[in-house]
Every structure is written in C-alpha cells, then in structure tokens.
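In the block that follows, a single chain appears as structure tokens, in the form predicted alone.
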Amino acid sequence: MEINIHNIGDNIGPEKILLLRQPRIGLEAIVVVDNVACGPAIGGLRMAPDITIEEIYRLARAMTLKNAAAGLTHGGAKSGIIADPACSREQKEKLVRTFARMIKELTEYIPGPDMGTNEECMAWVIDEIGRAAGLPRVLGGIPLDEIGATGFGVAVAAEVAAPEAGFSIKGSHFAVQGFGAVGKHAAKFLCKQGAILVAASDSQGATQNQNGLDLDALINHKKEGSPVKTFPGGQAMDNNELVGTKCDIWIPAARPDVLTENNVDQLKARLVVHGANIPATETAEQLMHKRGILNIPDFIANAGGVICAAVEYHGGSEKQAMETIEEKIRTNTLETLQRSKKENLLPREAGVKMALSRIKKAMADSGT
C-alpha cells in the first residue's frame, strides 16, 4: 500500500486515518473518519484493487458534506478494502468479516454498502460487530440497491435542475456512464418522467441510439450477463466516446474523476448530475461552469443512498425512506441552485457553503 498523507486535511477533518493489514488472508484496507460533529459517521465500504488513501479521504469528505447537506444526524467517513470485488464469495466474506472485526472498537463509524460491496456484505459486518447500514430486507434493512434509493435521488435532482438548465425532463435525452445499481435506477425513474435514454456504458464499453434505447430490454440484457456494448438495440462505442454523446443530461455513475480537463470539452450536455462520488475534478467543474453546463455535485444529487441508510438505521420504513429522499434532495438542490445564482458561485461552492455552515455550527455546539 502506497502511503502518502501529505496535503490531506483541514480544520474540519479528518479525525482518523486507519491503515489495516492482515497478511494471513491478504487484507489491506483504509478507513477515514472525517468528521463526527453531527453524530456517528455513516459511509460506504468499497472494494477495488486500486484504492488510495487520497481517494478514501476525498470520499469521506464528500460523505461529511453529503450528510450535513441532507440534515442527517451523522458525520462522514469512508473505507476501502484493496482487493478485486470479483474474487470468490468465500474470499470476499473472509476479507469483509476480518475488516469488520478490525474496526469493532471504531464505534463512531457505521459502514454501509458501496462499490464492490452489497447488502450481503453488510450482513457479515453486522454479524461481527453489531452495527451497519444498508442491510438485507430479511435482517430488517431497506435494500437501497433493490429499491434504487440513490438513483431515485439523482432523478429528483435532475428534475429540479432541468428548468434552470433550460429544458424540461419530459422528452429530454440523457446518457448514463456506469449502468449499474445507481445508473440503472436513475434511468428507470427518469424514463418514468418521459425522458429518453440515448446512451449507456459499463466497464466493458458503451452503446448509443439517438432514437432511444429500450430500457427494459437493456436491463434484461445486463441481467443475462452480457455487456452493454453488445446490446442489439444500440450502436457499440468505446467508453471514452460516451462523454461526447449529444444529450441534455449526462450522468456519471461510475468511478471518481471520469470528467477531467482533458475530456470535459467534449461534453454536449446541458446538465450534469453526479450519480457517482467525486466523478469530476475541480478543474472540470470550473470548465463546465464557464461553458454554461449546469453541474449538480455528488453530495447533493446522490445522497439518496445514505439518506435511506440513515432512515433504516433509526428504524424507519421503506416508504419513509423514499419520501425523505425526495423531500431532502428536492429542497437541497433548489437551495444550492438559488445560492449559486444569488452569490455567483459554482453549484459545488454553493452546496459546500451550505453544508459547512451546518457542520461548523455542530462543531461549535459540541465543542469540537
């Protein structure tokens, strides 16, 4: 594990950075607890072979902002196991259970599912340490991937932002980068509002059809284990071509930093709604703003998952979770856009200002 913690941190956090290692089973993991002024931190546990401390810190900070912006009584954290998520189920269970035992005493951190992990992984975590969010339904959880909590919130943010970008959702064209748990459900909810999916991608490639992709057929195609690029209802293309798709809404729902100064000029969309965490670099967001492309940041648009997890953690129902997601994301997207316009700020700057005001008040109230 490459260790480089220079230039990480400010007066908000992080409070703790943990590097975990268990050589016997090949576990290497990172935990960053960023800030707990608003309450114990909720943040996903991801699994990927190329995780870095810097990435986990940035994701933890995004969770701090996301939870504060959503008005949750939780701080922000993130963790990552450095491993291939496609490893055997037996190996994944060993890694996740060992990780859970190693964070048992870190009671200010509540893990949830993230990229490379799921509800079953959280069942293993809660079995080991008695705390987790995003549990399977049989354990009293609200399966956020099954109901599409994060994707639903992304669709709500898009609906709110579309008029500000100069169009309505009905009849608009959109593209999804990362046709997985978040991207698929965002597409479902947007199509229900009359939007048209014209391009989508997964890790193996992309497909497009300006007349519209058949969403149900594409979902079934993926369920059969086939990559998006082989979908017969579209024209295959490389992943890097998806950025230049002609559309109204472009939804990054995959890995961090997919939009950079090197490709953002290819965007032909009027609105970018972040389904993934930190999918655009700071420079890319500035360039989008200069070009008049409205950009709804991750911690505002994709908070549906953690809102759902918080409702579950406090004993709420699925119905309450979906109602809370809609109310909070609708309100926060509107406030972010109003602040951005009134104070001549980038949407991210406006959202950060809103979230930080809540965090700093919590820190002052708690004496931290």
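Numbers for residues come from their place in the sequence shown, where the first is 1. For clarity, a rigid core is taken as the largest C-alpha set superposing within 1.5 Å between two forms. This is a predicted model, so every value here is computed, not measured.
The same protein also exists as the form predicted together with nicotinamide-adenine-dinucleotide (NAD); that form is not shown, yet it is the one meant from here on.
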Candidate from 187, 253, 199, 249 lying within 4.5 Å of nicotinamide-adenine-dinucleotide (NAD) in the predicted complex - any heavy atom:
253
Taking nicotinamide-adenine-dinucleotide (NAD) in the predicted complex as the reference, which of 294, 129, 147, 181 has a non-hydrogen atom within 4.5 Å?
181
Suppose contact means a heavy atom within 4.5 Å; in the predicted complex, does that hold for all of 35, 60 and 79 with nicotinamide-adenine-dinucleotide (NAD)?
no
Here the chain appears without its partner; judged in the predicted complex, the stretch of 191-199, 93-101, 254-262, 208-216 with heavy atoms within 4.5 Å of nicotinamide-adenine-dinucleotide (NAD) is 254-262
Against nicotinamide-adenine-dinucleotide (NAD) in the predicted complex, would residue 276 count as a contact residue? Criterion: heavy atoms within 4.5 Å.
yes
Taking nicotinamide-adenine-dinucleotide (NAD) as it sits in the predicted complex, is residue 245 near enough to touch it, meaning that at least one heavy atom pair lies within 4.5 angstroms?
no
Since only the chain is shown here, I'm wondering whether residue 67 would be in contact with nicotinamide-adenine-dinucleotide (NAD) in the predicted complex (any heavy atom pair within 4.5 Å).
no
Just to confirm, residue 239 within 4.5 Å of nicotinamide-adenine-dinucleotide (NAD) in the predicted complex by heavy atoms?
yes
Contacts with nicotinamide-adenine-dinucleotide (NAD) in the predicted complex - residues in 298-325 whose heavy atoms fall within 4.5 Å
302, 305
Core superposition between the shown form and the other one, C-alpha change of residue 328 at least 2 Å:
no
When you overlay the rigid core, is the Cα of residue 70 off by 2 Å or more between the shown form and the other one?
no
When the two forms are laid on each other by their rigid core, does residue 59 show a Cα shift of 2 Å or more between the shown form and the other one?
yes
